[in-house]
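Below you'll find only one chain, the form predicted alone, shown as structure tokens.
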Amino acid sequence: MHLATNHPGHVKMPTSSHNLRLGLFAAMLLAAVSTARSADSPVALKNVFKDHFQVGTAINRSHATGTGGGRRSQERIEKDIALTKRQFNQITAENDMKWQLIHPREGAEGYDFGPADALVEFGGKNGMYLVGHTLVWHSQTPNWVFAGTIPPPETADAAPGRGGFGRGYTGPRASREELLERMRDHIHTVVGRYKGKVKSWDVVNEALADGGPENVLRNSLWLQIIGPDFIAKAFQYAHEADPDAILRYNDYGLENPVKIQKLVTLIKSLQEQGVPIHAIGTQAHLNVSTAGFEQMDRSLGEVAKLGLPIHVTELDINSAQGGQRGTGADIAANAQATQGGLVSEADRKLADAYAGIFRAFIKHREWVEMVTFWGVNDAVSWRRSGSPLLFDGENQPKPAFDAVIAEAGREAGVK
């Protein structure tokens, strides 16, 4: 199932009779690249790749509301917003649609829709494709969701049902029926509120286990209390709430062959059950020492075998010396991993890495429908010490931006 509405479709390259036109187009792209770093209005990613895939970004509350705060001044927030409008045609809420923030308290009165409403309004005004992130996740879920009267098993792990950034819920638990009802009410309320506006949802996030092949699913409280069918139930509830929405399963580390095989096992099981899953989200939190064409080409090729569209959902490439082996999405872990200064020749290596993975995205454009950067620029990135994005903290394009644009020219016939 492919994206409906605003997606332009995948366009195959024309025959040799159009080579002159393609050559001129490629020359124009490369000329734009030569001036992009100093121009006030550099070429736009959304335009360069419009015949391949949507190009989006995660935005935070300040960007959605237009108000500065914290370490980012009002002037810089306004520049961030201008860059977002210029470069991207799709947006995702970095945090404000996660359960902990949109539904922090129990009951129908426990929702806080203001920030999410602001994001939806921002996207609508600017003609952007909206993605909701995320409905069911082991992290950033309030403790009340799992709380009840049933004593936890003596053998239960203490941490898998983290309430926030590391708080473990170990108290009395809800029953399977109670937790399913809470999940259903939450999904129906949130998805229903934005029906027809939010076009795609990360329904279940990071349910696959890390490590060896022994366990397919993460030992979360969702799994412990409900059982493995919590994933199918979540997709069922989301489809009930908005039958037209694109429903995604989203996970990190899918560059790892063992993790990919776990994904294949999970998705095939869901497909055999008739679960309405429409796309695969691969987060692509990468590291400059390993990211490149070969790694991404192999990963996308394996995921494509599932026969579902691929959405690259949270793209960034860590250039810090620390954390070069990590692909996880834990905030505390990445805060430690993006320390120690940048790797030598960081700009060149980052440019080479981005060029390679975009070459892979273009190669697999039959399946890749969306590429979303996890942040507008380095200053607002959760991995900001690792300088992981195409734009620096002043919203200036880096050599990696030039390299990504050049890949479109390469595909048009310029070697």
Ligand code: 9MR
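All residue numbers are counted from 1 along the displayed sequence. Source: prediction; values computed, not measured.
Missing here is the form predicted together with the ligand; even so, the following discussion is about that form.
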Of 146, 129, 137, 230, the only residue with a heavy atom within 4.5 Å of the ligand in the predicted complex is 137
Quick check on this chain: which one of 95, 271, 295, 265 has a heavy atom within 4.5 Å of the ligand in the predicted complex?
95
Sort through 179-187, 207-215, 281-289, 298-306 and report the only stretch with a non-hydrogen atom within 4.5 Å of the ligand in the predicted complex.
281-289
113, 117 and 194: each with a heavy atom within 4.5 Å of the ligand in the predicted complex?
no
Indicate whether the ligand has at least one heavy atom within 4.5 Å of a heavy atom of residue 367 in the predicted complex.
no
For residue 239, is any heavy atom within 4.5 Å of the ligand in the predicted complex, or not?
no
Give a yes or no for residue 103: in the predicted complex, does one of its heavy atoms lie within 4.5 Å of a heavy atom belonging to the ligand?
no
I'd like to know whether residue 133 contacts the ligand in the predicted complex, with contact meaning heavy atoms within 4.5 angstroms.
yes
Select from 246-273 the residues with a non-hydrogen atom within 4.5 Å of the ligand in the predicted complex and write them out in sequence order.
none
